[in-house]
Every structure is written in structure tokens, then in C-alpha cells.
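Take a look at this one chain, the form predicted alone, written out in C-alpha cells.
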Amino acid sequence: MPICKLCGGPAAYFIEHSKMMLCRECFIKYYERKVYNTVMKHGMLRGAGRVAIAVSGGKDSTALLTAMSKLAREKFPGIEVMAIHINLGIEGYSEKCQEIVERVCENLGVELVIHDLFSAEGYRIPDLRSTPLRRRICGACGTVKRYLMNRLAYELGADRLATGHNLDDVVELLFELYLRGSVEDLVRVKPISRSDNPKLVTKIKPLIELTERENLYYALAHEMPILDSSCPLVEGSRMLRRKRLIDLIEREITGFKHMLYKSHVKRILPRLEKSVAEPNLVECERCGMPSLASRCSYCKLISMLAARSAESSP
């Protein structure tokens, strides 16, 4: 029987990058300590009063909500934690996501705000397949979620927006950006994106040093409801293919993901920040939210969708 490295009891979980077996109790302590250390190392909650956590219903965001709500109670009692969920209107999938989020928030006693995309905005994510973005619908969905999560957090008075981006997500993004040489985008890949713009909420990634598997273990250890299917729109995406390739590299070079992330944050990012100027933000002429151009990416997308709808109307 496998033995827990820390207490000597029966082990339940294997941490691959560190070759360590842990029992349920020791794993929970290990996981929550890593979240706490990441938060403290980057000053993620310094000066914070209200933290909005983006919760999709997947294992990463539900693990984040559970860990952060516990962290707030035990280490930061002056900080209020709340959850934000966007129902994307993906038939047969979004209903399951919302149900899981509602159950987790009820169990944790966390305030939940649900933003129904169709009711509030008049469209669903699958509607974007009618636009030229249909082949890059995951990217378009990301634009929608980033914009609405920031807007909702701002409207709710949150001074931090926490997302469940994990090590696998960030390494996949770094892999793509380094291949493309996207210096301006690389400089924005960091554990905390501070903002002094009142309409742009500071974003934090407390799970950035934890893997997808570790988040799954944490969800299982807490017997959380887990989504048993992936988004039907993501099938065949380049992102999934890159993640599979990175997993193959990890098998040959143990710790590859951690090494790439740490090299970026400790060695490359500080140099990029000195050489790449911060973009000048203006207010979007349509919605008034911060933007790099006169019209923000979200409003451009919505205008595209509206134009397609008008063309198809009799």
C-alpha cells in the first residue's frame, strides 16, 4: 500500500512533478498552503476588501472558490468573498455548470451572482457561430467572459477578480505566445495584473502554480460535484492540441511546466516589463469600459453579431 510522505498513513494522491504520495488530509493541507503562499508571494490580497471569484462550474474554479473562501475565513477575515457565474447558453452544458456552481456556493455559504447571457445580453455563445469567428469560437468566448467578468466585478464593487487559471493553462498560453513572438501579450502573462483604472479590476490567479490534476484531487478530496463533460464547442481546438503536446514533453522532462513558468516569471518577465510600455487605455465609445482602441474588443464582437443577425432577418 502506498504511504503518505508526510504522515506515514495510507496515501491517496500522487504529485507527479515532485514524486510525492500524500493522504487526503495531507494533500488538502499541501494544496491550501500552496494557494496561500502564492497569494502572499505576489501580494494578491494586499489592500483588498471584496474578492469576486469567477466560477464556471469546472474543477479549477470550484477548487479555487473552496480554497479562497477558507483562506478568507482563516487568514483574511476582513475580506469578503463572492462568486460570479456566467451562463453561456450552451444547450445541455451550461445548465449543468450553473447547477454545480449553485450547489458549491450553497455548501460554502458564499454569495453568488449569476449573469444569464441570453437574458441580460440577448445572445448565446453558440450564436457566434454565425459570424466569421466561428472557427475561433473559443477565443470569442474568452473575449466575452473577460469583458463581462470585469464589468460585473466592477459593478459589484469588487477590488479583486480571481480566476481559476492553473499552471497547465498558463504554460499552454506561454507556449503559444513564445512561438508567435507576441511580446506585447507575453508581458501580460503574470500572477497578478494590477490596475489603477477604476473600471478595470485587478486580476489575480491564485492557482497559477497548481496543475489541473492537483485541482482535480482537491475537488475529489472535498467531494465536490464535478462536471462530467467538457464544453462541446472546444472539441478540436488548437489549445487542446497544444496541451497534449506539453503533456508529452512533461513526461520526458519532469517538471517542464514548472520550469517554463518560473523562467518566464523570474527571468524574462522583469526584462519585458522594462522594455514594453504599458498600453494607454481609453474609454470605449460604445460601452464606456476601458479599451485599447476607440471601440473595445467585446463591442466589436457584438457589432459583428448584430450585423449578421440583421443580414439574416427577413
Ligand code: AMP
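Don't overthink the numbering: it's just position in the shown sequence, from 1. The structure displayed is predicted, hence computed values, not measured ones.
Only in words, not in the display: the form predicted in complex with ligand AMP, which the text now covers.
Fill in: Contact test in the model of the complex: residue 35 vs ligand AMP, heavy atoms, 4.5 Å
Because no heavy atom of residue 35 falls inside 4.5 Å of ligand AMP in the model of the complex, the answer is no.
Worksheet item: Should residue 61 be classed as touching ligand AMP in the model of the complex when contacts are defined as heavy atoms within 4.5 Å?
Response: Taking the distances in the model of the complex, the answer for residue 61 is yes, it comes within 4.5 Å of ligand AMP.
Fill in: Touches ligand AMP in the model of the complex: residue 54 (any heavy atom, 4.5 Å)
Yes - in the model of the complex, heavy atoms of residue 54 and ligand AMP come within 4.5 Å of each other.
Worksheet item: How about residue 160: is it within 4.5 Å of ligand AMP in the model of the complex, going by heavy atoms?
Response: Judged by the heavy-atom cut-off of 4.5 Å, residue 160 is well away from ligand AMP in the model of the complex.
Worksheet item: Does each of 85, 145 and 164 have at least one heavy atom within 4.5 Å of ligand AMP in the model of the complex?
Response: Yes: each residue has a heavy atom within 4.5 Å of the partner.
Discussion item. Using a 4.5 Å heavy atom cut-off, which of 77-85, 178-186, 192-200, 217-225 contacts ligand AMP in the model of the complex?
Written reply: Stretch 77-85 is the one.
Worksheet item: Ok, 105, 149, 173, 72: which has a heavy atom sitting within 4.5 Å of ligand AMP in the model of the complex?
Response: Contact with ligand AMP in the model of the complex is made by 149 alone.
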